[in-house]
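What follows is one chain in structure tokens, specifically the form predicted alone.
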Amino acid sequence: MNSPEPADAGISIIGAGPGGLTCARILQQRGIAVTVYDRDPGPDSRDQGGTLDLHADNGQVALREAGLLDEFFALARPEGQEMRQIDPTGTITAHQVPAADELFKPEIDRGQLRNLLLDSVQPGTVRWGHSLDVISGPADGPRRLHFADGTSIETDLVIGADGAFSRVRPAVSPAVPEYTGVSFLEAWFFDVENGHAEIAELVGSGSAHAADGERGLFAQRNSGDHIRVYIIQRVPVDWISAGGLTAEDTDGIRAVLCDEYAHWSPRMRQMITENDGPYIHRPILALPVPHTWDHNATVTLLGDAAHLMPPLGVGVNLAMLDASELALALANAATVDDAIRTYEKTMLPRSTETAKALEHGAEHLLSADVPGFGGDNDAQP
């Protein structure tokens, strides 16, 4: 089968996260039809996660191409660029305060960013409740997408923007995410200025990191008087069940954490014991490095589906840059096949270089020194 022109092709994006929606927005701006399929039943069916910093040299580049940079700055929190290094006693040992006009990597809640992108695409672009099961059809197309509800559709291009456990990835690569040996427990704190004033004072307007070489904490201010704390440990991936606990056993998990952090000051242990609601277990996974695949004329990947890395402040930025470059390649190429080749020629080397640099980055989060503190790659769960 001859590869179709992008304007005449059926283009399907799997995943309505920041990467998938950025790609859809830029394609539509350039007159190319696209449909996004997402497994969630609707846009508000689950929490979208914490705060993100969008960098001027990648995430903001993508938003500029999408025509959404001004809208982003209207929502973003430049003060969120503040960063503190704290020792286990609660003493601030290093402190970065952004200049009044600093806009290199302002913060925005993931949900706010997702809503900004959702509102920017044409009505009906996202088909909710479509959980991809498998892709069939010849490598040169057309492809058929089979969904868990028994429906299927034919398409000329499948773009996997469906994250760590991508259902698109197996069409081009056998790689699966591997556990890094480090896990996060996410803890939430609401109405922090009134209900958790001491924690709010510790964290400040942005992020705060503390570690002793074996365990750590990373706290982030979100909008709406909300702080998320990531409790960082080097543990087996099944440490909760191996200890006879379940993820819902908040009191049991809290008791284990109190023992583990017993030598930290009571002031610091507040960020472990006074959370509002249960903990959320988030083992840190990464794809093998390097992760590449043979060219395929009908399938490609972006973001975590292509290059899942430890959470060190680059994930969403690379996903959105991938999305922008792929959309622009499709807008400027004679065929879909040509566009994929152009996109992957840049994306794969870039992601390989970054993944090599961050390959053991999860371990660095346990260090008393934040990797890149004072530079561009701050630790960012």
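Bear in mind that the values here come from a model prediction, so they are computed numbers and not experimental data. For every residue, the number given is its place in the sequence shown, counted from 1.
If you look for the form predicted in complex with a small molecule, you will not find it shown, but the lines that follow are about it.
Contact annotation: L132 falls within 4.5 Å of the small molecule in the model of the complex, judged by heavy atom distances. Taking the partner from elsewhere, A319 is found to have a heavy atom lying within 4.5 Å of the small molecule in the model of the complex. Mapping the unseen interface onto this chain, G80 falls outside it, with no heavy atom inside 4.5 Å of the small molecule in the model of the complex. Within this chain, R341 is remote from the site of the small molecule in the model of the complex, having no heavy atom within 4.5 Å.
For the three marked residues, F72, P106 and Y279, no heavy atom of any sits within 4.5 Å of the small molecule in the model of the complex.
Shown without its partner, this chain lists K356, R46, R64, K345 as candidates; in the model of the complex, only R46 has a non-hydrogen atom within 4.5 angstroms of the small molecule. Only one segment in the set 348-356, 326-334, 34-42, 64-72 has residues whose heavy atoms sit within 4.5 Å of the small molecule in the model of the complex; it is 34-42.
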